[in-house]
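Only one chain is shown below, in structure tokens, and it's the form predicted alone.
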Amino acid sequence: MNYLIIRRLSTQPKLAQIPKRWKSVVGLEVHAQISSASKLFSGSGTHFGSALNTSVAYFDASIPGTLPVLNRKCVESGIKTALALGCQVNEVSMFDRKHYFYADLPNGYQITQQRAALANNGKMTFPVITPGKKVYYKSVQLLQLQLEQDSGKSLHDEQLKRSLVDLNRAGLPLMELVFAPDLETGEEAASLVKELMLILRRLQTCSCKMEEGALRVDANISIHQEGDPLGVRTEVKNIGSVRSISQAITFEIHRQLEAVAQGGVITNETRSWDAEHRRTVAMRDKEVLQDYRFMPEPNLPPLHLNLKPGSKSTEDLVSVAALSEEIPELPEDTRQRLMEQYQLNAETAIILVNEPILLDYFLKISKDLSDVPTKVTSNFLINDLLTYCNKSNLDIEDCSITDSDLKNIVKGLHSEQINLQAARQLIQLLHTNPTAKVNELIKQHSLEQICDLETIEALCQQAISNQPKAVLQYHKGKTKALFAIVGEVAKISGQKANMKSVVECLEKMLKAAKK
């Protein structure tokens, strides 16, 4: 009898006894809103936050007699995304009508590409970062990338007991990316979405602002015993942040394991993620298979593309080869370049690329301060700047420190004008006083590093006097006792003494005293 150990969180099931080795399977469906000034089939605007029902064309409202006109920019964005994800772009794709009733879907159907999509058979390889574990790479198949239109939005007024409809979102251009169930954990799913967001932003095909609904993630989750067919899956809809993706999937896996351990049965249902209570909540079951009555969209002809190598786009035909020349350097290529050009290790390169602003800072500082070792720059940005932002619950994009200020801090570190403790104080001071200058703050707060040898010798002598036990232990061969004396120097100097010089001075003085 094997036991499955589940780490207990406040929202997770208790330790359960499971009668065999179980495996979890996760597949993602991602809806990415294409960055475009107009909608997929109409000329109305796409600006987020517009006044209710002000970005609605006659076609969006399903006025009789109106016809769809395909947005060329959206097609080109879809092709670029497909190429970046290693897909096979199809020479001919078709649009379909997917029928279902929503109050905010005026047509009663959605125009999509269910049966003959824009692209198929892609592959993504991405790094998985799990706190406390070694970084590893995971690959996942991209089954299909299709273009489709979004629905509107229903607004429910609980006080007046009525629902209203905003059609601003109706017809917004979407790319639906359907991934194979190749993932096993919430961390892998979150890492996949993070990598996808980096790629889409590089391509400028999607803003990926999840708080605006520009990127929405659905997760299909199941468990099964090793060697058995896949189990019954549940779908967690519209997960709203990268962190919530990991939390929702991890919780749902544990919930299913606990249900099976207690003799229950997993039902095919749709669930939502309750971020406040950190749990999934049942929405509706899927016992009755919904018939979407797919049919070809009669008002849109097949979409033909030019797949010939070296071809150019024309007014009537988009060239895939021409668009492939516009693909920028992708995140994984940047990681390899950082390791080769700047001699960074893989984990450092991954962290820098995962934080685009941090990467920009690194490249600018490395260019302007070519004499400073790149390790000094990368360590400061990751271990100090990024750590400060994380501890302050601050997105690095919202940190008010400029790249010029960061460059001056790194310069001060390298020249030994300041030490690491002072550099960390400067981060906090600059964030709260964005107009201040680095050198002014150093003088104003007396942050200069003590490098004068006579002063350091005096500090070391005082520390030796204050730590007689540590001195005795050091003389008995316990070299780690030196750290206690070094800490005393740091305390006496207000964390301003040059620690490298302090260690050298203490070793010299203690060795002389022993003789």
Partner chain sequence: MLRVLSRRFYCKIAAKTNFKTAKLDFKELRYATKVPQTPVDTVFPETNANRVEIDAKTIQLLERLSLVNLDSEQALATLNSSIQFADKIAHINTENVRPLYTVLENQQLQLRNDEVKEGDCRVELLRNAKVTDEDYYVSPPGNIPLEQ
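Quick caveat: nothing in here was measured; it's all calculated off a predicted structure. Positions refer to the first chain, counted from 1.
Just so you know, the form predicted together with the partner chain exists too; it's not on screen, but the next bit is about it.
Peer 1: State the residue from Thr185, Ser272, Gln425, Asn379 whose non-hydrogen atoms include one within 4.5 Å of the partner chain in the model of the complex.
Peer 2: Comparing distances to the partner chain in the model of the complex, the residue within 4.5 Å is Ser272.
Peer 1: Quick check on this chain: which one of Ala436, Leu317, Val135, Leu394 has a heavy atom within 4.5 Å of the partner chain in the model of the complex?
Peer 2: That would be Leu317.
Peer 1: Within 4.5 Å, heavy atoms only, one stretch in 370 to 378, 83 to 91, 162 to 170, 412 to 420 touches the partner chain in the model of the complex. Which?
Peer 2: Heavy-atom contact with the partner occurs in 162 to 170.
Peer 1: Is Gly487 close to the partner chain in the model of the complex, meaning a heavy atom pair under 4.5 Å apart or at it?
Peer 2: No, no contact at 4.5 Å.
Peer 1: Does the partner chain get within 4.5 angstroms of any non-hydrogen atom of Leu303 in the model of the complex?
Peer 2: It does: once the partner chain is placed as it appears in the model of the complex, Leu303 has a heavy atom within 4.5 Å of it.
Peer 1: Report yes if any heavy atom of Tyr361 sits within 4.5 Å of a heavy atom of the partner chain in the model of the complex; otherwise report no.
Peer 2: No, Tyr361 stays farther than 4.5 Å from the partner chain in the model of the complex.
Peer 1: Is it the case that Phe41, even though its partner is missing from this view, gets within 4.5 Å of the partner chain in the model of the complex, heavy atoms only?
Peer 2: Phe41: contacts the partner chain in the model of the complex.
Peer 1: What residues in 44 to 75 sit within 4.5 Å of the partner chain in the model of the complex, counting heavy atoms only?
Peer 2: Ser44, Gly45, Ala51, Leu52, Asn53, Thr54, Val56, Ala57, Tyr58, Ala61, Ile63, Val69, Leu70, Asn71, Arg72, Lys73, Val75, in sequence order.
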